[in-house]
Structure formats: structure tokens, C-alpha cells
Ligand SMILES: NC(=O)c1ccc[n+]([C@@H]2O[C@H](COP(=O)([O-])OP(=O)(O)OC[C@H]3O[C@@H](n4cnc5c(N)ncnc54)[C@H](O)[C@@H]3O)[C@@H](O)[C@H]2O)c1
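Shown below, as C-alpha cells, is a lone chain in the form predicted on its own; questions about how it binds or moves come after it.
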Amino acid sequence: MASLRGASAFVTGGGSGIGRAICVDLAKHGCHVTVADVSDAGARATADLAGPNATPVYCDVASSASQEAAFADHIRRNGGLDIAVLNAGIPERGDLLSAQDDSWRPTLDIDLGAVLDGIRLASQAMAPAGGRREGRQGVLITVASAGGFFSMPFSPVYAAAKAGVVHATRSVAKPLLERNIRICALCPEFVDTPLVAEARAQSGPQSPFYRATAGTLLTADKVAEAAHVLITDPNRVGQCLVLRMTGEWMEAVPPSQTLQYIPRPATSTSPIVPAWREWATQGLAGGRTTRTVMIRRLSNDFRAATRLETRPVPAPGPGQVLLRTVYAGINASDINYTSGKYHASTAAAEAQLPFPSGFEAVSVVAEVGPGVKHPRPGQAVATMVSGSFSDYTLVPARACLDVPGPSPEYVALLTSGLTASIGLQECGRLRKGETVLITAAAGGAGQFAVQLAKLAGCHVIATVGSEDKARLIRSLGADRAVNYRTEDLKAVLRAEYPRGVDVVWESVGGEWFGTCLNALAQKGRLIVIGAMSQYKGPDGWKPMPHRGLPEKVLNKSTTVTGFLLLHYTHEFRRHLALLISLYSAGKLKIILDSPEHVGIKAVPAAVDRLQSGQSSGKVYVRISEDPLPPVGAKL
């Protein structure tokens, strides 16, 4: 509404404070204003200030009939309604937690119920048959509060009512726009008005409310300025404008943009199963020894770096548990580990030789040390500690993560699943409707990244190395599968995604990093989770030069973020519970590579399988050749 001249406006609570300031501003800009208020004296005083364009009308918004009569009076006098400002409200009445009656209810009835009545009456009055002037768009402004977004322990009912106004405003914005009516909400912090003065007087100098309003308050005129912007700017639809006491403006983003999955509370931990406990201890019957794949020298050639050795199994000490490994996961990083890349330096890695290999497993508890209450013998647990390529491992009890049972699917949820879940949340900051590029999408982590990005409401592009993998990744929800052996990724991105992509999940490295960086849209985010193409050279993982990187990042305001899972150990339990919940609910698929590798001696072959690029899904090893514990209905 570019000009207000000649428009008609109806303002509730116009007899004082914010309502008075809005009435005066509207009248100053040529509006015919109805000053509606339960106080006749207040309404007349406002009309005197506003001048001849303002008319006082009695209106008790607590009564639907009174509010309806006031709207009808406005339409009779003005021939229609163009602008409605639903401002009337009261402070907290009564004490919700200690009240013996419903003394708190008027706050809800007036601050929410009356506003909903006002939205109904105003929108009907603005309907084409009712009386909006030809060519004008109707405008509805609800006056809520910043308390609709922030907790107010001293005014819980008021905060609940104002939150209701905010959500009602958002909810009706689209259907009202279809009727050519815009609606927005004003959400100021504390304003220097009679309402705040009344609340301060009632609460007393020692109250939290009194202290919260002791500083510099907003003025009613500043709120009226913001209302003027919302009324006159045709691009503001459903906006909830928060006005801080500092004078800053904030737009409240709908919560649907930031909702994240969280795990449901577990009804129980992993069950204690006697058959599992028996299986876990029977391997010690012939003597307390374990076979372990040890790293004897640093090399990215896993076979050359490791040797299978037999070592003694000590009894668990205080705070420790002894685990029998059921399944161990294989990861691209296994050869980085054997080459010492995760130590502070090559010298530091060499000083640790020999050290055990493998860093994720699903196991069964065989024994627990003194003081350990959880887990218990016979329970299945997951671990992400060094030494998973072993028959038995001794670990701190606090390192054990609950899983429903000894299944290879839960191995897939560890390094692969957690990397995808934590990485996309912490570094990707995915928003619904964004375009996400997942490289090496058919791998263990890539498959989860595709599915989690789709669950977040994103459009997903996935790179794969075969048509079989393309079919697989499409079955997981990918919108566009790019087979890099038959298609040029650069050409596909230029032709089909000229605007660029918002988020890149990059695990290939080498020249692919440059391609992905160049494909970012403005303010795009590139997450580096690995560089698989650089791991296998004769000298191991070597840095790649990327000339012009600072300039490219600057020119598009993009972000390049590294993600190393070990820096997020504090998130493991929460995200693993989330992934298990999604899997149990059928919202997440887990693809395991085949054939299954059986026996600890098969670890090198499983590493070769992953590094060959031929795997599809999570590569894992069933460590024991013995028959596995029964799972059955316990899963």
C-alpha cells in the first residue's frame, strides 16, 4: 500500500500507548481512523490528538459482540475497511501456578481470543463484497510481543497468548493473501506504555518483571514507525517483526526452518541376553588370548603395514569392560591410520609402534571391571576406539554406546552414519529447499548423507561410479545421479544447476575439490570429510595446491569447512540414538556391501575391497569364525 491517503483504518486499544501512537501516525498520513477502545475518555483523547480524520468508538474486545459492533460502525461511516490493527491487550492477571480460580483466564481471552476474533471480523470486512476500496490490498497487523518467542517466567499466560498470536498470524498469512489481504505481526520488547506501567506497579520493585523493565524501554512512537513499514510495504507477508529495546529489528524465522530430528528416549538399554554372554566368554575357554591386527610399520599399504598377532587378554580393571568383537567396520581412513596421519607427526606415530588397527565395532560385553554398572555382561554395545580388528578389546565403560543388538547394520551407523549426521548438521546447516551435492554417494557415509539431506527437504545430486550404483542411490532418494564414468560432472552442474549448489559433501579430493568449489552458489558451504583419491599414492596422502582459493571463497561469500569425526565425540550418543530411531522407524535404509568378509584374517581383503572403489554400501568384517549369538526377536 504505497499511499495511505484516503484509506480507512480500524485500531483496537487505540486509547493509549502503542495504539494511540499508531492512530496518530495513520491519521497524519491521510487515513480515516477509527479509535476503538474500552475507555471512552482514552479514545476521545487519542482522536483529539489525531485530528479530524479520527473517530472514537467504544469497543470492549473481551466481548465478541462489542467488537463486531465496532467494526460494523466503522464500515457504515467509511464504506469499507482497508487496514486493521489489532492492538488491544492486558498484562498478566493472577498467578497461574498459585491461583485457586480462573483469575488468569482474562489474559488469555483478551490477548489471544480477542485477537482471533479481530482477525475473523477484519478479514470478513475486507472481503470484496464487504468493502475494501477498489485497487487496495487489505492489511492486517496483529500486535504480539517478543514474549511470543522468549520465555517469560513472570508472565507465562501472557507469553502463551502472544505466542498464539504469532503462530496464528503465520498460519493465516497464505489463505489471507489469496483474498488479497496481507497480515503481519509486531513483536516489541518492553514499551513505555500504561500497560507496562500497570504491570510494574502490580509486581513491585523486587519482582523479576520490575527489574527486566528497569532499563531504557522502547517508545510507542518507535513501535508506530515499525507498524507504518509493515502496513505500507507490499512485500511483507506473514512477517513477525521483533523490536528490541536496543532499537534493533529482528525477523523471526519460522521454526519449521530449524527443526531437527532428535532421538526418542530409549525405553531400555540393550537387553542382557544369557546366550550372548555365554558366546562372549567361550572364546576365553582355551586361554586368555586374543588375535589382533597390529600396525608394525607406517604405510598406506594396509597389508604391508600390519601383522596378525596373538596377545594376552588382561582382566578388566576399575571402570573397564572386556568386549568380544562381533563385527568391525572398514573405512577409507584405515590406510590413513596405518600411515600415521592421525598422529601429531610421523615421529609421534613411529614412537607408538606397534599399535592396534581398526576403530569401530559392534561387540558383546564379556566381563566388566569393579565399579561398572553399565553395560553388563551379555549386552551388545558399539565402540569407536582403536583396536576393533581384534577378537577381544579392553575399553573404558564410558566409551560403550548402546545398540539394540549385535548386528552389522549398527556398525554402518558408526563412522559412516555419524559422519553424515553430525557433519551435515554442524557444518552443512541444511535448510529445506536447498540443493546438496554428495560425492562418492554410494559409499558408507555417502548413502547416509543422501538420505539425511532428503529428510531435511533438500534436492540431492549424487555422484557414483557405475549404473548399478546410480540405481541404488536413486532408490535412496537422490534426485539426480551423476555417473562420472559416463558424464562430465562439470558439464552437468553448469547445464542443470547454473545458480550453483548450496551445500557440497566432498570426500573425493584432488581435482574434484576444485570442481565442487567452483559449483557453489553464493553463501554456499563445502564440507571436506576426506580425500579418498589422494590416499592411495606411493607416498600416502599428499597435500594438493588449490590456487585462488581465498579469492573464490571471498567472491561468493562461501565457506569451506573441514569435518573430522573425532572432534565431535560429545555428539556420538545423541546422533547414534537418532540414527537408530530413524532406522527402526523405516525412515533410514542401511545398505551393506556383499559378500560378507568372515574371520579376522579377512580384514586386509575387506580393506582392499573398499579401496578398489567396487564396494556398494558399508564394508565390514565378521571377526569371529564361530557361530554368532542368536539375535532373533531381541532386535
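Whichever C-alpha set is largest while still superposing within 1.5 Å between the two forms counts as the rigid core. In this text, all values refer to a predicted model and were calculated from it rather than measured experimentally. Residue numbers here begin at 1 and follow the sequence given.
One more form of this protein exists, namely the form predicted in complex with this ligand; it is left out here, but the text below deals with it.
Pro188 within 4.5 Å of this ligand in the model of the complex, heavy atoms: Yes, Pro188 lies within 4.5 Å of this ligand in the model of the complex.
Quick one: is Tyr158 in contact with this ligand in the model of the complex, heavy atoms, 4.5 Å cut-off? Tyr158: yes, in contact with this ligand in the model of the complex.
Counting only non-hydrogen atoms and a 4.5 angstroms cut-off, does Leu195 reach this ligand in the model of the complex? Answer yes; at least one heavy atom of Leu195 falls within 4.5 Å of this ligand in the model of the complex.
Would Ser145 count as touching this ligand in the model of the complex under a 4.5 Å heavy atom rule? It does: once this ligand is placed as it appears in the model of the complex, Ser145 has a heavy atom within 4.5 Å of it.
Which of 458 to 466, 276 to 284, 349 to 357, 80 to 88 lines the interface with this ligand in the model of the complex (heavy atom within 4.5 Å): Single hit among the candidates: 80 to 88.
Across 377 to 416, which residues bring a heavy atom to within 4.5 Å of this ligand in the model of the complex? Contacting residues: none.
When the rigid core is used for the superposition, does Glu511 move between the shown form and the other one (threshold: C-alpha shift of 2 Å or more)? Moves: no, less than 2 Å.
Does Leu424 move its CA by 2 angstroms or more between the shown form and the other one when the core is aligned? Stays below the 2 Å threshold, so no.
Answer yes if the Cα of Val621 shifts by 2 angstroms or more between the shown form and the other one on a rigid-core superposition, and no otherwise. After core superposition, the displacement of the Val621 C-alpha between the shown form and the other one stays below 2 Å, so no.
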